[in-house]
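One chain is shown next in structure tokens, namely the form predicted alone.
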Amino acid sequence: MEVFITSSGHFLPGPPVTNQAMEEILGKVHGKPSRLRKRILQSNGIQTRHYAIDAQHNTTISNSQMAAKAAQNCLDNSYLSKPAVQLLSCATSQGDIVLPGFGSMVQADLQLADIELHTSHGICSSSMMALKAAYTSIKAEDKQNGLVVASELASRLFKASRYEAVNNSEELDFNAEFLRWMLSDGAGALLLENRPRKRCFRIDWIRGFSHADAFPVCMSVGYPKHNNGDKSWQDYPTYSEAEREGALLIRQDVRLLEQVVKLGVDGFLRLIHEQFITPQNINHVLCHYSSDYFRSKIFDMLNKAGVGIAEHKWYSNLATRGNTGCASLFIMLDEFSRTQQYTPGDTIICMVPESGRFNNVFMQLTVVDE
């Protein structure tokens, strides 16, 4: 059984937010402008992004509602009616509430009845895991279609008040502030079917390589600043004590980030060795690199390995849509499908390297006509 991506959609909350306006919305910690903001923004290359909070830190739309709007946009662009959807597979790094699962909340907002449900929890690669769940279900002929949705509402973690609540927070540590100038909000959706529709994408394969057994945590929420892995936010007597110890801040161990590029390229080379990828046949590359800083490093490593791919084949909307975590690849593919030129037979490689604990997922698509 072949599986096709027959429709896509996305939702981005509010107007684009420029680099200059970011701190007006997120707030100045203790009233002081950030000393790291310009440095990080110059490195990541992001020019605009979207937030689902306003300058008063009110949430303007929930994570599940964003996911539902992206899913509805995807269905509006499809040939499938809402009652015909058989499987809903959802992904996020952090739902609006801890329990129940994110998929249940999205299903309720979408008012989808009589479906099978799947929720994938993780960071950037969770969307690809949700996609693979739907892909394998259709491929096994258990379902005829599946709606896959990925959504992130990271900005709530970056309010100035979050940092001010931490003990001795006059000087923020780099690892806690780094992602404040990297991540933003948005949702993307893909519809998978067991038949092609007009010009669409056939999924040839999806492969993931996780290295959590060999590497420490690189991106997390739940550990305090001085973490040796034996105490999480749930081990404190109260949630307020966990917050004062900084255990509710999102952190990135920037010393480990170089490993993301290395392991991503390793995975790419492994797929070449296993004959899943033929570099000379690649027409387009969609890679969720979280920062423009990593783009040249990926090119350099691929060129040194003798499998470089011409720069004009790489498509990204990172600069204008921002880094929306697990939703990034779906939003990118949706925009690619609407704005770029591609013809039947073209091969598209999608890559999602995740820094959380180093899970890299790859997918190959082929452009087909009905």
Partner chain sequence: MENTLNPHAQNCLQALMRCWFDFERRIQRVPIITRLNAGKFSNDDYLALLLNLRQQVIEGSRWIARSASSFDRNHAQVRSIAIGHAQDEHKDYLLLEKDFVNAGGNLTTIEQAPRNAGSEALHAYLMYRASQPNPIDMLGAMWIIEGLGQKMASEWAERIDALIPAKYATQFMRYHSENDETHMQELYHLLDLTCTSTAAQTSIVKTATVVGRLYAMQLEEIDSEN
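Since we're looking at a predicted model, the values are computed, not measured. Positions refer to the first chain, counted from 1.
The same protein has a further form, the form predicted together with the partner chain, not shown here; the description that follows concerns it.
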Since the chain is shown here on its own, which stretch among 251-259, 97-105, 130-138, 151-159 would lie within 4.5 Å of the partner chain in the predicted complex, judged by heavy atoms? 251-259
Answer for residue 168 alone: is it within 4.5 Å of the partner chain in the predicted complex, judged on heavy atom distances? no
Indicate whether the partner chain has at least one heavy atom within 4.5 Å of a heavy atom of residue 195 in the predicted complex. no
Using a 4.5 Å heavy atom cut-off, state whether residue 269 contacts the partner chain in the predicted complex. yes
Would you classify residue 118 as touching the partner chain in the predicted complex, given a 4.5 Å non-hydrogen atom cut-off? no
Would you mind picking the one in 47, 42, 303, 340 that has a heavy atom within 4.5 Å of the partner chain in the predicted complex? 303
Looking at 218, 263, 179, 123, which has any heavy atom no more than 4.5 Å from the partner chain in the predicted complex? 263
For the stretch 187-216, I need every residue with any heavy atom inside 4.5 Å of the partner chain in the predicted complex, listed N to C. 211, 213, 214, 215, 216
